[in-house]
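What follows is a single chain, given as structure tokens, in the form predicted on its own.
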């Protein structure tokens, strides 16, 4: 997958409150556990596509006093990350706007270069992996983790959630992105020139009353209010009435006593 102009990438989700609600839930423990065992005090980290910075701030705690920098293309979300840092009080972390395609740092600048749920949204993941390796010191670690939408599973079955998956796949692929990124990580990394690969996988599961309500509620909101909804309607993939029907499906799923939803995430540790 490639693009003649990666700078024109369209982020499928956008930065609606319902999207940031999900991103702010993420921590190093629930989203980067595969990386934590490799972190020691004093290491430097570059976190690409950091969003509101909750994972970045946690990573900084694991490597303090090492320097940690989070970058994101959205200046608005970087401001939220800075606010989260101020609330947390972690001092060895900073945030700035920037592109994963052109990081603006010298070769061999960081011990660890990390991207969580980023490669699925870009038109040239191979190019981004090459840029991540460029700024990683020899012997350092490049770490990536991405979901695989087609591998997601839920119960009870509901045609409205099936339709959500169809809509999401169509919108994401219309952005020249790969929503089923997890299964491609090894292939992309190999094409990018990596030879020392350690792949794994992990899941998020939403099945308790509290996390069912949280997951179902945020997707009910996202499917009608985020950039996903705007793109689906603008491109004729779905009508707004249909999106509201899908949202109601998520609310009913969340209210069901035995509902279950699993998100499969592919993980990859790469040695630079």
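Every value quoted in this text rests on a predicted model; they were computed, and no experiment measured them. Positions refer to the first chain, counted from 1.
One more form of this protein, predicted in complex with a small molecule, exists but is not displayed; see below.
Contact between residue 232 and the small molecule in the predicted bound form is not found at the 4.5 Å heavy atom cutoff. At least one heavy atom of residue 49 is located within 4.5 Å of the small molecule in the predicted bound form. For the chain shown alone, residue 170 is not a contact residue for the small molecule in the predicted bound form, no non-hydrogen atom being within 4.5 angstroms. Contact check for residue 73: a non-hydrogen atom falls within 4.5 Å of the small molecule in the predicted bound form. Residues with any non-hydrogen atom within 4.5 angstroms of the small molecule in the predicted bound form fall in just one of 184-192, 111-119, 129-137, 156-164: 111-119.
For the candidate set 175, 99, 84, 90, a heavy atom within 4.5 Å of the small molecule in the predicted bound form is found for exactly one residue, namely 99.
Think of it this way: in the predicted bound form, the small molecule has a heavy atom of just one of 55, 223, 69, 35 within 4.5 Å, and the residue is 55. Looking at the small molecule in the predicted bound form, residues 11, 23 and 77 each place a heavy atom within 4.5 Å of it.
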